[in-house]
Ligand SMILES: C[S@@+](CC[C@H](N)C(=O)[O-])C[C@H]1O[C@@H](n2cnc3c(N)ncnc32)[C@H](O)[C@@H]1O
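What follows is one chain in structure tokens, specifically the form predicted alone.
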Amino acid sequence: MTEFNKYLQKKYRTNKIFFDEYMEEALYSKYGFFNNDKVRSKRSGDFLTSPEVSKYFGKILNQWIQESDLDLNIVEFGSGTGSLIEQINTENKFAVELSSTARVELSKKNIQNVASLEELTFNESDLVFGNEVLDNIPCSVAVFKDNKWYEKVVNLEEEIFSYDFVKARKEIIDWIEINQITGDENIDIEVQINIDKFLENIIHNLNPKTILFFDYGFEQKDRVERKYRSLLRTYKDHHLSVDPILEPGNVDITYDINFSSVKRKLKTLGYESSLLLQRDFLINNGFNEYFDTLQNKLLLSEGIENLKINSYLSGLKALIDSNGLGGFYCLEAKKI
């Protein structure tokens, strides 16, 4: 039996745990994917996000922040090594990052950082934001069969974990009903109760004027068009990897965000939300100016400088590729 298995059985005192509990431990416990000596979001890590693909993602976000006149206690969640927040042109910025390894990198860049929201010493903020952070907040998994809702659990009895199903908890069914999700035996539901709690915690503690999140996902009306039964997946070494229970602690566990649910929750918390493709957000906020400037510089460059500018242009193009990063969503919410 593995150390991780022993740890789970001792902590939960049961042979079966709900999937959200498993995901929490596989990502954030002392055995978790994000809690070791390796920085995950970099070229030598396991995945790249928009700020690592192009520094201009942060530059464009910074331009939007300046033009929106947001300057009080700007907070980023899931900052990683700080490739995004370091582009924000204010000293009044803070990173909330659970990984101790990443916080070391943040400190090297002189970015104020804490391990949890509760460690922040203020209760007002103009902006909280995050890039690909919602998809790592543990979800539950609901399955509809025989006209009833069941919930996926992880069986810990053997060294190799397996799945089982139990009657869905009341809070799971309540979430499904509140979000008006119809049961379909061909579709698993990634239940985002923990995202709701995350948003509640942010708003209770920071009372932000504006909330901004970038992530991959969908609107509920479009879920049936997704060809996969489950939108859960894992990444390792920049590639899709194994089922979430096969290599706990060694793979990133993630899923597509139901942005209809996020918008509904924010509405109940007093925020009006708008949803754009990342591509459109970037184009609306200065992408073309940066691209055209680099194109003009390219014409006048040669040698190493020419190669460098070409690399910048390739990164910019990747940010708005509709089949990749450009197809991600940008959710902006303003306090009503």
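Just so we're clear, the structure is a prediction, and the values are computed from it rather than from any experiment. Heads up: residue numbers just count along the shown sequence, starting at 1.
Here the subject shifts to the form predicted in complex with the ligand, a form of this protein not shown in this document.
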- Item | Stretch in contact, per heavy atom within 4.5 angstroms of the ligand in the predicted bound form, of 175-183, 239-247, 95-103, 147-155 | 95-103
- Query: I74 near the ligand in the predicted bound form, any heavy atom under 4.5 Å?
  - Reply: no
- Task: Determine whether any heavy atom of I137 comes within 4.5 Å of a heavy atom of the ligand in the predicted bound form, and answer yes or no.
- Result: yes
- Message: Can you tell me if G78 lies within 4.5 angstroms of the ligand in the predicted bound form, counting non-hydrogen atoms only?
- Response: yes
- Do Q192 and the ligand come within 4.5 Å of each other in the predicted bound form, heavy atoms counted? no
- the ligand: the contacting residue among F259, Y255, F161, F198 in the predicted bound form [heavy atom, 4.5 Å]: F198
- Query: If you look in the predicted bound form, which residues in 124-157 sit within 4.5 Å of the ligand (heavy atoms)?
  - Reply: N131, E132, V133, N136, I137
